[in-house]
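One chain comes next, on its own, written as structure tokens: the form predicted on its own.
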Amino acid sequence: MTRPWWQQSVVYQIYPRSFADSNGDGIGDIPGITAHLPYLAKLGIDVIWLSPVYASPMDDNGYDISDYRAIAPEFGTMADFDHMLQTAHDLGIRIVMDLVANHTSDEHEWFVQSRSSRNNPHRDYYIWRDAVDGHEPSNMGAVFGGSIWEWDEHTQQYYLHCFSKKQPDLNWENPRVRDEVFRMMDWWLAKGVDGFRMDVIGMIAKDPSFPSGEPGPTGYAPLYPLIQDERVHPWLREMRQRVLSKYDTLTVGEVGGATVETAKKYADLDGSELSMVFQFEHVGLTGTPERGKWVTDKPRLVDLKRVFDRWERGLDGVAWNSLYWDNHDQPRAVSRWGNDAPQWRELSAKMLATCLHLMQGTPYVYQGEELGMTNFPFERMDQIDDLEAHDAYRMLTRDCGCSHDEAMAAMREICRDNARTPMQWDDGPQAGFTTGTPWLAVNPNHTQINAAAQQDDPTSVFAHYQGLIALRRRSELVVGGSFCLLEPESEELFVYERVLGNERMLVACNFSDHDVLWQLPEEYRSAERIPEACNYDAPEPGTLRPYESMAVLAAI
């Protein structure tokens, strides 16, 4: 059948600051990306999701944009970008930009004008409110700590910021704001980019009453009741009509709190809004009301399977799934979901890849995942850059009674900077990422885990990803087959079946570090194993070995 190209694609996320530094200043850049595009072509990926490279003061590593049509000098120039885009297209790789349109930097010209006076034409580009009884209009807390409201002494009002105080939220109720965003999107698409990953797009609509809530441990109420998901959809349909309908794009929306039912609206196969959404149920399976996500517990496999099963079956035939283990906001996949101990790291990294890539949906690979890169052994907060982590450390030690060691254990498990350490290209100084001092320390295990050691090794994690990506490209069963979860109550095995026409495929993954007794269903016992999906040389009948993965094909 004819499918949109993005249903058959594998997407690779680049976090530019940490990918490759071409000029020795310790910060990854666009020429560094261009130089490594042949590596990505060799891996076989179809699309790059490029995290922000726009002009920015870098309060939140580029997610605070001061000019949507300029490139941050530390990343290069617009000419560098154009060269990267052309080189990627010449290699058959599409580029998807990160669209950050819930907020801007407070240094963006729109906000500079907005805060200059209450009568400025840009005033209602942002959300301003009077004080209530001498304090903030409501008691909700921002994602990066403190209140969602920041006082502006000059105009004697508060402005809203759901993240850093240097990231004021745009007022999407204002049609002029939507005009500005749509013109900017059209400008990039006309330049030749192939779509957008839309940062926190589910947050652009807020309850205009800005209610207060029950305070949590930090003294502020949770933010997310503020978000009015239903009111986003007319704006996305307007975006589709005015901009996206003119181009052949991949669009993926980051939607915190998304359910299967809400995803059907965002990613309906009728193409009225987005191609797909990022949901967070599977990465939010641990945590407590007091500490939030900052715990060291591992997710239960039974819970993980239920989430994937619900999404696979729920969207089949009506919307499209995105598939991921990690990204720039999550810890490293092999450390979170597998086992990063030296004796198990490669096996579990391959197993995780098999488990994810053979489901229905578009798989996303985060830079270094294809090498089995791991979390960083953080011991001190001065090793960590991330705003969210520093706020969490204060919360854990001040409000939750955690010791330094307990707080750092949570950082090593959950902190976003685990994924932001520099890409490990070789075993030399600074892992080949830079000739200077890197902005964030290189993981000391780069001497064992690096691209140079894996690219030509047919047994490597890299080679395993190559095989799975090639398998998806040639198999309609992998792309479009239905999903059926088997062994739902097993705490060790993730087993599922894919069916399309007269083809069926069984995928079995052992998430434990020990042998598990398990027999292939009878109809598969004489079936052919798929070499690209198996991480042991030969099967051992009746057993799945530690972190073993296998896929077998059979005819119905």
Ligand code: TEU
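Note that residue numbering begins at 1 and tracks the sequence as displayed. Owing to the predicted nature of the structure, the values given are computational and were not obtained by experimental measurement.
This next part talks about the form predicted together with the ligand, which is not shown.
With a 4.5 Å cutoff on heavy atoms, C400 does not count as touching the ligand in the model of the complex; it lies far away.
A residue is said to contact a partner when one of its heavy atoms sits within 4.5 Å of a partner heavy atom; F144 meets this definition for the ligand in the model of the complex.
Although the partner is absent here, F433 sits far enough away that none of its heavy atoms falls within 4.5 Å of the ligand in the model of the complex. By the criterion of a heavy atom within 4.5 Å, D60 is counted among the residues contacting the ligand in the model of the complex. Only one of 467-475, 300-308, 160-168, 364-372 places residue heavy atoms within 4.5 angstroms of the ligand in the model of the complex, namely 160-168. Contact with the ligand in the model of the complex, defined as a heavy atom within 4.5 Å, holds for exactly one of D329, D385, D207, D316, namely D329.
The partner is absent here, but in the model of the complex a heavy atom of R420, alone among R420, R123, R336, R345, sits within 4.5 Å of the ligand.
Heavy atoms of no residue among R94, W188 and R240 are located within 4.5 Å of the ligand in the model of the complex. Contacts between 194-211 and the ligand, taken as any heavy atom within 4.5 Å in the model of the complex, involve R197, D199, V200.
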